[in-house]
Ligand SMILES: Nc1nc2c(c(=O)[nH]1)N[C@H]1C(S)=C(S)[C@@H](COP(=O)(O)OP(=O)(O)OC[C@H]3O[C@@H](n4cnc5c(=O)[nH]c(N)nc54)[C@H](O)[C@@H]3O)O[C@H]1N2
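Single chain ahead, written as structure tokens, the form predicted alone.
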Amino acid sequence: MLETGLKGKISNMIRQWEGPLTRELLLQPGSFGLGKVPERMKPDATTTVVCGFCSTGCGLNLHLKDGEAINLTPDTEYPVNLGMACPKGWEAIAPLKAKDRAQIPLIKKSHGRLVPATWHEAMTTFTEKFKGIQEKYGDESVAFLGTGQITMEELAFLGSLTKFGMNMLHGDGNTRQCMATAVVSYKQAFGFDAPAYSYNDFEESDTIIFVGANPCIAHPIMWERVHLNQNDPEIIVIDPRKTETAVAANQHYPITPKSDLAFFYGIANQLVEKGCVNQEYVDKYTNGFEGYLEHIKKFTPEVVEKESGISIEEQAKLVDTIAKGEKVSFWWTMGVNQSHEGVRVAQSIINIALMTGNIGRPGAGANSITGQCNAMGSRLFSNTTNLLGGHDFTNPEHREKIAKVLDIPVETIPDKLGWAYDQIVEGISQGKIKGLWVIATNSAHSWINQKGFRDVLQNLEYLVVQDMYSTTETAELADMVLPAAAWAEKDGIFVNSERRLGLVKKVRKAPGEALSDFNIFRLISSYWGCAELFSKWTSPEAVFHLLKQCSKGQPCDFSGIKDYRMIDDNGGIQWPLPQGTENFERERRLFEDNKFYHADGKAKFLYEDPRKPLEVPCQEYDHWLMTGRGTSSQWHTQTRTKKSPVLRKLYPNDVYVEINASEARKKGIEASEWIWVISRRGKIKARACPCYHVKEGQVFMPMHYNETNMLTFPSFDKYSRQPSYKACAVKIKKEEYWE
């Protein structure tokens, strides 16, 4: 029997949206956006979904019993992974079964503890608290922090709900921590956020250059694609640390931390002197080369040797290798992006690709590897760095277009950008933001200078955390926790590093009363009183069709995708795919026509003088601390990977620090003993790991342990506002030391 009243209405809505996964529900039109369920979605069949961990976007076959996923195998036909899976992929179901899943709304009471609540109570409190803060301090006194971990449709709903319905101007995503530099670099150089490559380029190149990237650990399936290359490629790694990828490479250049910009300007200068410029390409398809040519002249081999520590002879070897390559591809990730001048470093790589004509061809390109499973969807459709579909909030024509597609008053769309992540944190510190809504991210672990962030949160009047777990470091600080469904417990799209839209399907019921983020947003719109704006947002696939129209005419146009079924049948589809496209390749790259997205159709050379980091080693804090990925079985803050008994056996339980073995002997430090790692912001104990992967004067710690960001220094790129996690100054002491 259906309940009555508002409370009953909400209960009935939840039953309708998130009921048990039965055959009857599966066969309801629209439950998967497929109208009619194909054979592989029957209760005891197999279906393919996109993995919910990293940006690679692998296809996994989920095997169903009684309508629920019980096991998985990698899909041999999926064009991304070709039957391969990394440890996280094989264990993708395990985190869903964790005992600490958030199952019911929690609200902090006067005694300071979170206690269970109904959805009605949670939604009423959410609305009262946030509206009350806005009435007291102004609309811009509340903000949200989102994620690249939820689907494209959910990201679009979150950004639209907050900015169009709740007058919440300020909101950003945790993709700011990993991909903002690449976004800005591409926008400035190419005219649009456009990673041009296909994974097939890993197999086409004859020269593969990884810069600040360790795909062997961070993106194992991409590394496997490298191994499928039949061209016997020259593999080059440019990284201060001798990573697993560097060990396997033909050449490794261990540059001094944060010397990348001078290094690449110097390599470009030597390529010019060697006569390796593709002048015809530069003249036809680029702007700004003459100024760039003049700029790089001062970066002589001697200057580069002094800055980077790479000898003149080694520089010459790298230059010769690039010059000889016919298909040279450059790949970078967080080692470049997470820097105080990451945008210009990324563009220094882009510049070399442009000047040598290694753009828009098979096996070539200046290619940014993304971090999170849906970071690309976040970049284009979260309403944070741009209006839906890569549009501009400040452009009246763009606002009119989006308003027309969404059938909403144009006045509801802001005409300016909100604050970036670090500005939101600073706004909390200054008392300008009093309410914060955190969705599917763990800021109290992942944000730079963690203690400073936790201290800042005390200035908030209300903190809401929406997550699949109620035990994250951030959730433990919350005034309210909203239980959210996870990957494979909802429908939607993830967009991977190579621009491929892949389908996520609901093949499990979320535990307890947990709802998909999409339906939590629906509830909030109803309680907030703005549901009418989102009357067309009835399901993820309904929103997908709206986003198709938003993308129309943009470089990311995917209006030619008919529906979810088309994506499923094709093993994902890369954008662009404009309406009317009859035939398309499963793997495609951009700029094959040499046309870029600036008004004149040309790419730009961008450059400026290198700047010193704000913190470098000194007499007291005499070591560089570098951070990065630890093992292929760990992921970000380990919120999910630590739930798998299998994955936990594949990485150390304790935080550890790699220190040069010769230096460790001098200091009397033994393997596995506890030592102090101390920065100006804090001190932590870590297990010593003597090795030769790092040079003397440098140490390395994985980012996955919550202790690591107690040490990092809050420095930001001035263009992308991305944090510089990778290098700060620390000192190392034996355990008995106490200051």
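Residue indices: 1-based, along the sequence shown. Because the structure is a prediction, the values reported are computed rather than measured.
There is another form of this protein, the form predicted together with this ligand, and it is not shown here; the text below is about that form.
Mapping the unseen interface onto this chain, Arg241 counts among the residues with a heavy atom inside 4.5 Å of this ligand in the predicted bound form. For Pro257, a non-hydrogen atom is located within 4.5 Å of this ligand in the predicted bound form, even though that partner is not displayed.
Among residues of the shown chain, Gly502 is not one whose heavy atoms approach this ligand to within 4.5 Å in the predicted bound form. Contact check for Ile217: a heavy atom falls within 4.5 Å of this ligand in the predicted bound form. The partner is not drawn, yet in the predicted bound form one stretch among 646-654, 660-668, 299-307, 364-372 has residues with heavy atoms inside 4.5 Å of this ligand: 364-372. Note on the partner interface in the predicted bound form: the residue among Arg589, His623, Lys88, Arg379 having a heavy atom within 4.5 angstroms of this ligand is Lys88. Between this ligand and the residues Ala688, Val677, Leu62, Met703, the one pair within 4.5 Å by heavy atoms in the predicted bound form involves Met703. Of all the residues from 718-732, those having a non-hydrogen atom no more than 4.5 Å from this ligand in the predicted bound form are Tyr725, Lys726.
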